[in-house]
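Quick setup: one chain, the form predicted alone, written in structure tokens, and binding and motion questions come after.
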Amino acid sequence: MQYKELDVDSMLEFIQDLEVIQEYFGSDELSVAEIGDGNLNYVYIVKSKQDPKKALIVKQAVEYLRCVGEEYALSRERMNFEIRALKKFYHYLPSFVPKIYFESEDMSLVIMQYLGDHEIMRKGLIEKTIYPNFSEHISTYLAFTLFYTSSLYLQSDKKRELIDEFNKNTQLCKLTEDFVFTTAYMEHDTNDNENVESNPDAKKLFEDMEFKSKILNLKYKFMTQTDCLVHGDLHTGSIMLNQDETFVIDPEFAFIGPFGFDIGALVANLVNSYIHHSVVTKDEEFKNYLLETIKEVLELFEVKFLELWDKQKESALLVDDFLDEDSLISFKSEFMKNILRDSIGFAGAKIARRVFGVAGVEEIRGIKDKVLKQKAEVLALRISREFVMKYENLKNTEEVLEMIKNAG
């Protein structure tokens, strides 16, 4: 099948000939509309005109970075890695990952479950929606996806096969290296330069060599650690949920990387929401909910990850009876502390990069009042600096919460 970039009309023509579409919709007349607002790809919804609740999502990669334009070339091979990651994660946790109905690496296209009864988490948090099951769900997702794709579970041959399957996602890894760990902390064309010019906070950040040296350490971890298969872009815009269900979407950045990277990305986005409500709504009850969510996610993840590890007697890393019981408990305890530390370091980088870098978040960059927006930026930079400068010596989650609260 030869690649062709589709639009609304050609998409309808393409899908009508697919057997899976005919099976799903039967003889219903179909409509197609573009709905995507992402940075990378085009997303369409296919609906039955007779029953609009009967729908599927179609996602296609194009050969450029959508949020920048055709002048920024980007291989559409990224869709291959998204498809592979969706299938891998679905294997472990089908209740938290959308079902795939059709895939084509030739067309850089995937058709998947429509989550019409769910909302993007970022928007829900801005509206102060409380999700009672989120911490339980996302901690399970993180524990399972990170553990079962690591050398704590896999034997060496299977782990190396997994690395081979994902190690060519180089362009999106490079985007992260550039936009999360580099250009957001210096003068660069891709930054929010209207906000950077003559901004003393930007100047202070760009000249903070102590902070930037710590960012380089985190960047090196990102570039070299091959702990497990990570989503690679686990922000609240990549989570769709309601009061009962949680789904993780859009893993096009998937690669074999550090345990703490996905956890850190999620924490960063919860902190961004906390910053928004600290400055805009000043809703103390909702801020406390966000802090409690951060605490629950981190602590539940550790409990669930260790439960999986305790059941696994042998792996590439450990063989049974290699350590006595006390030594094994001590080893695992320190291992989990290092995951927590790295998670908070990565969270700090993720928070800071959204302030002036490309692809800012609605919670901060979307604030209309310039005075309030600047307050949010200052608070974000303050928390991110605390995280980045202190993550290596963290002992527990309480210290994380104190850093957030004291920054305000």
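On a predicted model such as this, the values are computed, not experimentally measured, just so you know. Numbering starts at 1 and runs along the sequence shown.
Unshown form predicted together with another copy of the chain; subsequent notes refer to it.
Proximity of E105 to another copy of the chain in the predicted complex: non-hydrogen atoms within 4.5 Å are absent; the residue sits far from the partner. In the predicted complex, another copy of the chain lies within 4.5 Å of some heavy atom of K174. Interface residue remark: K203 is not counted as part of the site for another copy of the chain in the predicted complex, having no heavy atom within 4.5 Å. Though the partner is left out of this view, D233 does not reach within 4.5 Å of another copy of the chain in the predicted complex, counting heavy atoms only.
With another copy of the chain left out of view, the stretch that reaches within 4.5 Å of it through heavy atoms in the predicted complex is, among 265 to 273, 156 to 164, 97 to 105, 284 to 292, 156 to 164.
This chain lacks the partner; the member of S198, Q243, S213, S333 within 4.5 angstroms of another copy of the chain in the predicted complex by a non-hydrogen atom is S213. This chain is displayed alone, yet in the predicted complex one of N133, T129, Q113, T170 has a heavy atom within 4.5 Å of another copy of the chain; that residue is T170. In the predicted complex, another copy of the chain lies within 4.5 angstroms of at least one heavy atom of each of the following residues of 177 to 194: E177, F181, T182, Y185, M186, in sequence order.
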